[in-house]
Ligand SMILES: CC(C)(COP(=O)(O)OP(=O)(O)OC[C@H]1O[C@@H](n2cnc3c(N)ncnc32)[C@H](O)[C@@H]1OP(=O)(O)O)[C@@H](O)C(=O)NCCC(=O)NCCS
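Shown next as structure tokens: one chain only, the form predicted on its own.
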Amino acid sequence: MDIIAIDDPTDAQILEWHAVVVAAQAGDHADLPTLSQTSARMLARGPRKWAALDGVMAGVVWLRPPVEPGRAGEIDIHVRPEYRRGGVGTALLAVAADELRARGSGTVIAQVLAGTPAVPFLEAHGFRCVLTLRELLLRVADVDPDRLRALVEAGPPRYRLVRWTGTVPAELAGAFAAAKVAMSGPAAADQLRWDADRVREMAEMVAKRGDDLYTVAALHGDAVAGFTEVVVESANPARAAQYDTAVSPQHRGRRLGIWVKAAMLEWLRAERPEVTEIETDNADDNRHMLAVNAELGFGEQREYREYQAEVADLPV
């Protein structure tokens, strides 16, 4: 079994990489949406990647090293079902761990579907569960347009809605960055370093993938009191992805969360009628946002778990 880096994959390697991911997902949970080849091409040209070869590509590991000191790296491992329990996953984890150690990274996280072989694999290698996420799905056709309009019209006094596609308008960039910091909380603010440049960079990353970013925000004076973001992927425009939704602590209790999300739904219905579903996930302990999404009609699909490990404890 050879482990090779595929940071600059050929077209043939991308197709093999895609086949490994599809086979692994099909073996674990047959009703998962299949990764498209277009999405695979975008992902395969992203962060660091290695493949395990045994005549065919038996497994792959994808690693995003931390972009800033003090933050965790991210890892994703897929192994064909017929090659499991033979050391392929451990070998891929070890090579990614070596890269993290070389970069001085202290921790790494992995997100996996609950009830799949990934859970005991990670737990056997020193990972511990730090977060449980519920994946939710909204079918746009099931939302009553009259009720949606009523939610939008019920916005609180002294607040107003604004919206934009792509990069935040220059006059709102600072206020939007401040809302991102408030969303992250004081403990994470220094790590995330949200500022006007960073929010622009994040939007530019989405645009470079060929996807469309939509944002609706609630303003209170010059401050962004709350916001919601949705991305429509070029590869699969029928299913949009919910990104961040947040309300600054001093503005909570005024139903701003459901207000901006209802306005987003109404906008997408008019602007992007091809969007038939919106998927999101919420932490299991985020009761407020779970209630907001339930009120809008989101239904639970799956449970994911986020695991974290100390890099020093990973195999060598």
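None of these values were measured; they are calculated from a predicted model. Note that residue numbering begins at 1 and tracks the sequence as displayed.
Below, we turn to the form predicted together with this ligand, even though it does not appear here.
- At least one heavy atom of R85 is located within 4.5 Å of this ligand in the model of the complex.
- Contact check for G166: no non-hydrogen atom falls within 4.5 Å of this ligand in the model of the complex.
- Taking non-hydrogen atoms only, A225 never approaches this ligand to within 4.5 angstroms in the model of the complex.
- Among residues of the shown chain, G174 is not one whose heavy atoms approach this ligand to within 4.5 Å in the model of the complex.
- Listed residues V108, I77, A182, L213 were compared with this ligand in the model of the complex; I77 is the one with a heavy atom within 4.5 Å.
- Comparing 231 to 239, 140 to 148, 116 to 124, 99 to 107 against this ligand in the model of the complex, the single stretch with non-hydrogen atoms within 4.5 angstroms of it is 116 to 124.
- In the model of the complex, just one residue of 4 to 25 lies within 4.5 Å of this ligand by at least one heavy atom: A24.
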